[in-house]
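Heads up, the chain below is alone and in the form predicted alone; it's given as structure tokens.
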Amino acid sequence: MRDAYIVQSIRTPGCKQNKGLFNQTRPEELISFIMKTAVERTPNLTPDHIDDVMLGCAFPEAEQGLNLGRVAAKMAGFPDKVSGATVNRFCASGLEAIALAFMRVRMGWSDITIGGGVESMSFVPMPGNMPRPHPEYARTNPEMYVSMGITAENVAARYNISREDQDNFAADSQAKAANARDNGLFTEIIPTPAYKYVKQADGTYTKEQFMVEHDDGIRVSTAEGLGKLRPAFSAGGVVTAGNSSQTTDGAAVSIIASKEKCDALGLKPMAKLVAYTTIGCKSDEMGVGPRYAIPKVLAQAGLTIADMDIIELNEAFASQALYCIRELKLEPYMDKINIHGGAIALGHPLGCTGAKLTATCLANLKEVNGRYGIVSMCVGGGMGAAAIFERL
């Protein structure tokens, strides 16, 4: 198979669902902007060089429907020849899309592709606008459709993850994110246009544009302050809004090119995908997924966790992140895990998250002058996903 490289990887800020700065900005506008910008920021590359787009989206319906991978390519101004597909592996959709984009280039099916993800949870809330579980199956297997918050409670109860530890973990995530924002360390973020509809004197509305430069959900907290929040999913539970990921709007993309195209066009490789894997686990404790996916992908790559310079472990919930850290014995590597905060502070825009964490991982590898980074997350329905990237 051919060699393939990431030549660009960027993201929009992440903004809170409904109350955030993207709450009136449609998902097509977010993803088409970041796709167009990724091409513009890559020297010697034009839209005409792109062959295909793989776009992750966890709820590809309504404003995110109609094959957004193709719609976004056209809205970005790409020529008719650029095809597109929408990929759904729930929370790992963006990472799956990047892996598929890599595979197309490595197999020789495409020369230059875009892999990315988008989710507007303001426009299409979880679990979608019209969920329809299978009636008979749901009666015998209700765990397949259980709330993600309940799965986090299950992990906390079954594996003795205390409320205090969760709140400490959450406060630390917020502090790291605030420090990174205030010191300009989110170098993968591109200031992104957002829109709002302003009522005029005659009763009509005007669409006005403004720019968003930072993740807007960071809220510095103390463990003591978080300890005052009520349980969000279960009376007497330990999972709260403060130690859970934020529901968020955002988009991110990576551009992947073959070695031959890099040489011909003078494109500079940033990184390559070393290995990618997924694995299933119990649906009612889906948060444990990375505990199984991370060892599997490390074995594929012939590497160990000690070889990783950056670990991006998605913080769907503090309970599941702490469980995975403890089970994988990652405590000695805490200075490598989510060095600028995680989804508790920065948000979890579902189908975008894998693509977002890829951009963050590569930026952080550059910051620490590291070689290998791992991106991993739990996945709704009971799965884990993990990928290893090598910075070049």
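Since we're looking at a predicted model, the values are computed, not measured. Numbers for residues come from their place in the sequence shown, where the first is 1.
Omitted here: the form predicted in complex with a small molecule. The next part is about that form.
K.L.:
Is M148 near the small molecule? Define near as a heavy atom within 4.5 Å, in the model of the complex.
P.N.:
Contact check for M148: yes, within 4.5 Å of the small molecule in the model of the complex.
K.L.:
Would you check, heavy atoms only and a 4.5 Å threshold, whether T113 touches the small molecule in the model of the complex?
P.N.:
Outside the cut-off, so no.
K.L.:
Consider Q166 of the chain shown here, and say whether it contacts the small molecule in the model of the complex, taking contact as heavy atoms within 4.5 Å.
P.N.:
Because no heavy atom of Q166 falls inside 4.5 Å of the small molecule in the model of the complex, the answer is no.
K.L.:
Given that the small molecule is not shown alongside this chain, does K282 nevertheless sit within 4.5 Å of it in the model of the complex, heavy atom to heavy atom?
P.N.:
No, K282 stays farther than 4.5 Å from the small molecule in the model of the complex.
K.L.:
May I ask whether A76, K196 and K207 all come within 4.5 angstroms of the small molecule in the model of the complex, judged by heavy atoms?
P.N.:
No, the candidate spot makes no contact with the small molecule.
K.L.:
Please determine, with the chain shown alone, which of 230-238, 208-216, 128-136, 297-305 has non-hydrogen atoms within 4.5 Å of the small molecule in the model of the complex.
P.N.:
Only one stretch qualifies here: 230-238.
K.L.:
Heavy atom within 4.5 Å of the small molecule in the model of the complex: which of A316, A156, L95, V105 fits that? Just give me the one.
P.N.:
Result of the distance check: A316.
K.L.:
Between T277, S173, T192, S244, only one gets a heavy atom within 4.5 angstroms of the small molecule in the model of the complex; which residue is that?
P.N.:
Flagged contact: S244.
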